[in-house]
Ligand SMILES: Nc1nc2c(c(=O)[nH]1)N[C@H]1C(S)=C(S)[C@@H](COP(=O)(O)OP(=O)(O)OC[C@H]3O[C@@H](n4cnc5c(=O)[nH]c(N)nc54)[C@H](O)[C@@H]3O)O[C@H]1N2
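Quick heads-up: it's one chain on its own, the form predicted on its own, in C-alpha cells.
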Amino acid sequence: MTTHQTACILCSRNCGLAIEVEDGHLRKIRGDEAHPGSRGYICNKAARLDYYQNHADRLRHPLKRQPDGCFVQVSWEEALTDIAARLLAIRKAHGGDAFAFVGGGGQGNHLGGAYSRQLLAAMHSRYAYNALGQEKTGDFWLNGRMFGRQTCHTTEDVEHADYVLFIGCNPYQSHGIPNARDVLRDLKNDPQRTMVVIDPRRSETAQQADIHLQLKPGTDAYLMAALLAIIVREGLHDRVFLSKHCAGFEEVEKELLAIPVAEYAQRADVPLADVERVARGFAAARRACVRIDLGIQHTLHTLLNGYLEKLLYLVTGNFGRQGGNNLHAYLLPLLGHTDERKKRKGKALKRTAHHGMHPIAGIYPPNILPDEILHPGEDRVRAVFVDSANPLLTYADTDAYERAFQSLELLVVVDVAMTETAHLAHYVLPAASQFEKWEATGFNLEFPTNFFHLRHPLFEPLGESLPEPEIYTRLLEKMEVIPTRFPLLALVAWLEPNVSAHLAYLGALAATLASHKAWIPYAASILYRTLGRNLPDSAAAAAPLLPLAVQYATQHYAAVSRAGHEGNRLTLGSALFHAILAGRSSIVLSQHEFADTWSLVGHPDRRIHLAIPEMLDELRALPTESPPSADYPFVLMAGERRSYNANQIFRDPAWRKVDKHGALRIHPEDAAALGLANGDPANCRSARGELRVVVEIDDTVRRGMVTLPHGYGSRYQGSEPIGPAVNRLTSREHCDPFSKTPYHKYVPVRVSRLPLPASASA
C-alpha cells in the first residue's frame, strides 16, 4: 500500500488529500496536512471517492450505437475516423452554427477543458454550453458592468471577517469557503464575531448562526433592498470609500431611499426589527463580507439579487480589504469577456438562431439548447459533443433534452461512465478518471494568497480509456486542422528542460504560430505533442501550463516573487512552471497585497461603476410583482445540498449511508394537512412533469415550501432511476429572462399522497 497526495474533485474547494492506494482502490483517504489551502481539512464526501473511481458503470472501450439502440465496442481508429468525417461533413453542409459543445472540464477536471474547447475552433463554432452557463452567467454579466470585465470575479474573506452574511447558501454542506465546517465553528464560538444566515430553510449553517432571517422563498431581493435602504437612510454607508473607489452612487442612493422598508420586510415575512438589526450590525462592523451561492442565483430576480448582494459590501466599504470581499487573480482562463453591447472585431457577438441569445463570458446558457436543436430552420444545431457532463440529469427540463438529443445527426459523449446522456449518443468515448491522468482545477480563486494544484495520476487508465488531451488531439489530427508532426518544435522541445530551454521553446512556438496563423487556436495540442513529450513523468497534458505560468508571472510579478518563486522578469514564469510540475501537493502561486485589488478592476478608471440602468429599472419594478399561481401551492427548492449528495460523478448508490431515497422534505403542519407521515410515498407535480418521492417530515423548512436534493436519478447498471431526477420537474422556460438562468430554487409544485403499497398497509 502506497500513499499519494492528490485533491478532492467534488466541489470548488478541491481540498488536498493524502490517499493510501492498493490494488486499484483508494483505501484510506484523509486530509493532506501539507496542502497550503485546506491544511488537512476533509469532509465526509471526499472519504467516499473510491465509489467514483471503482463502479460498474465505468467505461473501458469506445462504443458505437447501432440502429437498434444497442452499443458495440469499436477501436479508437474507427471511432475517431468516422466522427471526424461526420463533423467535417456537417460543417461543410451547414456551417459552424450547426455544432455545439456541452460541458468540457468538469468539476476539478480543467486541464482537459483546454483541449476540448479546440473542437469549437475546428468546427468554426462559438456555441459553448456548460454548468457555469446554467449557474453563474448572471453574476459574470454583473461583474462586467460593475468591475469592467466579466473575468473580474469576487471572493470573500470569511476567515478574517467580524460579521458575515451567508445569503442563499449552506457552507456546512456545500462548502465553497475554505475549510467550511472549521470556519463556521470558529465563527459560532467567537463572541466578538457575528454570523447571519438568510435562507428560507433553517439549514445546518443557520442552526449555528447568531441571526437567521428565514424569509419566504423568492423574496431575497425585497430583503436585501430593505437592508440597503436602512443603511443609506441612516447614513451608515462608507462615504469615503464610495467617493474614492466608486462611480454612480448618487443614482443608486436615490433608488434606495425610495424603498418602502417596512413593506419589503413584510413581503419577505421577516420581522422589521431583525432586518434593522442586521443592517446596522453589518454596516458598523470593522470587517464584514458577504457569501452567496445558488440560493439567490437560481431563484426569482436572479440578476437583481446579484446586484444587491454586491451593493451590500460595496456601499459599506467592505471591499479590497482583509475580512471583506475582493477580486482575485487566476492561472487558468476559465472565462472570457463578451459584452453584448459591443462589437468584436467589427462584428456583433454571435447570437443563437432560435432565441437570439448572446454569450456571457464566452458561454451560452444550457436552458436554450433544446430549442436551438429542435429549431425548425436550416440553421439549427445538428451535432453536439458532450464532455464530462450529463445534461439529461443536471440541466433543466430532462424531457426537452431527451427529445432534442434524440433528433441530432451526431451526438458524441466523452465520459468516464455510461451516463443517461451517453445512452443516447452515437459514439461514447471512454475518458480516464481524474485519478488516472494529470489534472488540475481552475478554481484557484483565492486572495490575497492564491494556490494551484497539478494532480499526478495514481493509476493507469482503465481498459482503453484515454485522457482528454489525447482524445482531442487525435481528433484534430483526423480532421486535418493540425499536422501530426512539428519538426522544429519537437527538436527544440528535446533540449534539456530548464529555463533557457523553455524560453527557446516559447520563441520557436511563437515563430511557428506566426507563420501558421490557422494553428493558433490549437496551441494546446501543439504544446502537448511537442513540449509535452519531454516533460517528466509523462506529464504531457500539463504542457499548456508553461505559457500560462509565464503570463501569470508577467502580470503579477511582485506577487509571484513574494510567494517565494525566484527569477527575473524574463525567467520567473518558467520557474513557476517548474514549481507546479514538481509539486505533489498544492503550491502557493502568488501572495498579493490588498492594495493590488484595484489593479484587478477592469474599468480604465479603476473604479467600480455602481449604477447599472437595467438593475435600477428592475429595482423600481419590484413592487409590481405578481404572486405565483395558486394551482401549485408549494415552492420546491430543487437541488438542496445534503450530507450524501454531490455532483453527478457518484453513480453507485451504495456510497450513501443515509437518505438513500433523496426524500422530499416537508413541514410537519403541511404533511399533516396532506395526511402524510415519514416514509410515505407521494407525488410531486410541477407544470412540467411529476415524480414519485418519499416523504421526510422536517421542521427546518418553512410552511409552503418543500425540498429535493440534486445528484440522484441515475439508472445505475440500467436500473430504474434511483431517487428523484429533479429536472423532470424543472422547465427551460422558467428562468431569468435575460441570462436564462433557471429558477431551480423556486419551482411551483403540488404534493399529493399516494396509496401505500399493500405490504406497507398490512
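Position 1 is the first residue in the sequence shown; the rest follow in order. From a predicted model like this one, the values you see are computed outputs, not experimental measurements.
Although it is not shown, the form predicted together with this ligand is what the next lines describe.
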{"item": "Among the candidates 645, 530, 444, 116, the residue which, in the model of the complex, approaches this ligand to within 4.5 Å (heavy atoms)", "value": "645"}
{"item": "Of 541, 560, 637, 360, the one that lies within 4.5 Å of this ligand in the model of the complex (heavy atoms)", "value": "637"}
{"item": "Distance check, residue 388 to this ligand in the model of the complex, heavy atom within 4.5 Å", "value": "yes"}
{"item": "Residue contact check: residue 473 to this ligand in the model of the complex, 4.5 Å heavy atom", "value": "no"}
{"item": "This ligand contact at residue 11 in the model of the complex, heavy atom, 4.5 Å", "value": "yes"}
{"item": "Residue 465 within 4.5 Å of this ligand in the model of the complex, heavy atoms", "value": "no"}
{"item": "Candidate stretches 690-698, 65-73, 720-728, 733-741, one within 4.5 Å of this ligand in the model of the complex by heavy atom", "value": "720-728"}
{"item": "In the model of the complex: members of 183-200 within 4.5 Å of this ligand, any heavy atom", "value": "198, 199, 200"}
